[in-house]
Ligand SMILES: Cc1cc2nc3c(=O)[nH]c(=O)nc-3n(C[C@H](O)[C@H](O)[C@H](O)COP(=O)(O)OP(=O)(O)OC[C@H]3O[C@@H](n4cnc5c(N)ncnc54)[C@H](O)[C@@H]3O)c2cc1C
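Just one chain is shown here, as structure tokens, and it is the form predicted alone.
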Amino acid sequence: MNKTIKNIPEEKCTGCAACYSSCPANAITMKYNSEGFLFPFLDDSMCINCGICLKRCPEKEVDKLLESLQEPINCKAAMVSDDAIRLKSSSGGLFSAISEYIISQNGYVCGAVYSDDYRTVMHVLSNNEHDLIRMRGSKYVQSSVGDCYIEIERVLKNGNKVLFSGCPCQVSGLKSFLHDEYENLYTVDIVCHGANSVFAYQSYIDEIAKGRQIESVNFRDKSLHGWSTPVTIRYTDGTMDDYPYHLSKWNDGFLNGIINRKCCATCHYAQKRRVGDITLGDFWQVQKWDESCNDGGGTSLVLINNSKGLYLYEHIVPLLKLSKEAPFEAAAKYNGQLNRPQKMAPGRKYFFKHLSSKGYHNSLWYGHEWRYDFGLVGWWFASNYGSVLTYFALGKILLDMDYLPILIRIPKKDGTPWEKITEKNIEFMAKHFYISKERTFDKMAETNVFCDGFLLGSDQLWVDWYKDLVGHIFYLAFADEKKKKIAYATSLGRSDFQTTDREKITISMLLRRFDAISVRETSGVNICKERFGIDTLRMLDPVFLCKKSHYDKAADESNLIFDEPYVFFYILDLTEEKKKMVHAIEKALMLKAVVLLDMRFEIIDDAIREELNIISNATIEDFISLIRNSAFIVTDSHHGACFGLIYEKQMITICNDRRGATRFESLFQLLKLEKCLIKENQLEQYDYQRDYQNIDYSEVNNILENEKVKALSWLKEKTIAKHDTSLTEEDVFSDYVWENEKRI
């Protein structure tokens, strides 16, 4: 049984280093992860599985941790009398006063300081005033405690007083490491708004410094802005960069939960009850409670949490020019972390995905979800359940790969609106993804401004007559040369592509601009090669690559409930033969039929609707739910069959020639299910007892799994690959095509 810190999920770890400090085998090291946060890394070859590291982890028993927190016994607004010290302090100078008292008692202070090059922050234990100056002021980046806990224990056992100041999780880490109570230990926890990434900090200052050697970094420089949260960086050449609060992009990332450690979003310490003997912070907006408590130079919030905290505070009162009892509510009103944790920004993962390649400031656009990795182009809004779910799947796949997609609205060339039903589909997709605003055809190139690249999906995009409807949008003619262009499992719809020689040349030139192309059907591979001279690969439809949990979550939102098992008929093109089949299958299976038609299909005769038990106005969520909960499926839809396979349903699939037989044939050949596919002209003679072929899902799932691995690997490889931004002959031609189309 593993008794190590590997039992603690990464999103719960605060990086307090209690485990590292406790390990008797030195098997744990603190290292930065890919986001720039310190985590314990365990060397299994050195680990003796003694369980001490887990035992010392504050996160192991959260209930006990919460029970140990203390209700403040007093709340103060305070300032030190020495204005020079207060000027160099973040708020009212209380940390300096408490530290100087401890030093005067032959004690030691442990606090956070910058490294000499200002690229990292670490805790140091010291008993000299020079280091106290370095500890003064807020650092706004997570510090490393190093071996401080071990050093503190040694000093405490020698009988010296120690003051430890840090984030609440670090105070908790120290207490957990020490395990025993020490009367000569005093702790100060700060009102922490979140631990920020060291890599984000380094990228931030590097982009501002532009190669200049840094002399100092100050996130709270009062000499220029008074009591506020500016960023001031001074350099050895005498120059300086200064950003007031409202222009600080560091604050932008920090206060919006973009650059914080994951655990900060569920912080146990962001509340009234505290872990330290004293809590220090800024008494923001104190003047709204009492104008006399704010002279513009900084006012400290002091929470006295126990007798030790009271002892410290009473010994520094002579050094204060302001010490006024205040209601906790006045302090908490403008200090959110005394009420609740800082929420994690939804775009946090996109910020960190781009940080190493794009740098801090550019990555903030992704963190705010104002810039997108890929614009998804295709029939994602179309009046067809399969088309919508194709892009639902593709969007979820990208999100699971930590890419940020946006669905691009497609206009008609003639400016007329799409069918009314598309509005419901857009509403469904808007619940899951960002949707671009509506644009006229001639404004489509604006999407280049906020998309890094464009990704085509599946479901009949490269169809000749579409050029009259949407021009060459589905060939990304509007995308400029700097944008990555990928076609994943794009369908040509038919087994051949008939068009003019001129159009073949146009399409060939446009396709040559793509970074990568795959198609859904085997026939598509042949067409691309023979008609356009483009080599492609066949890939699985996107709906198979999407995690089933995403579909389940959507289906759970359906309000459709059936008390009895049912056979589900999803029929795109209702014919007399298919009507007869509904009754025949009902009788053969002894199950009630539930019928769903194409979104655009209108049944005029209510008697037929009632006779066949046709569902009206079904949502996308209903569609998935109907398939998931069915006992059996009959469909003439390619995606109806796909979802039947995903949910491992026994089914009858009718090869729908008028919608394109090649997609049925390609899929069923791949899965070795050719015998399960029925031609429409065979329906009159079809006999369930005689002709039905059972699906062996053990074999089907093996094939699908191998295809999914191949497809996801291809997609990951192509999305990661560097795009050549140089202008080519094909790009010039594309511009010519697009400019001419806009004029039509």
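All values derive from a computational prediction rather than experimental measurement. When you see a residue number, it is the position in the sequence shown, counting from 1.
Just so it is clear, the following notes concern the form predicted in complex with the named molecule, a form of the same protein that is not shown.
Residue in contact with the named molecule in the predicted bound form (any heavy atom within 4.5 Å), chosen from Ser165, Asn251, Gln460, Ser518: Ser165. A heavy atom within 4.5 Å of the named molecule in the predicted bound form is found for exactly one of Thr187, Asn305, Ser172, Ser89: Ser89. In plain terms, the part of the chain that comes close to the named molecule in the predicted bound form, with a heavy atom within 4.5 Å, is 192-200 out of 320-328, 441-449, 573-581, 192-200. In the predicted bound form, the named molecule sits within 4.5 Å of a heavy atom belonging to Val141. Although the partner is absent here, Phe95 is a contact residue: one of its heavy atoms lies within 4.5 angstroms of the named molecule in the predicted bound form.
Within this chain, Ser300 lines the site of the named molecule in the predicted bound form, having a heavy atom no more than 4.5 Å away. Of the heavy atoms in Asp282, some are within 4.5 Å of the named molecule in the predicted bound form. Contact annotation for the candidate site: His123, Arg136 and Asn335 all lie close to the named molecule in the predicted bound form (heavy atom within 4.5 Å).
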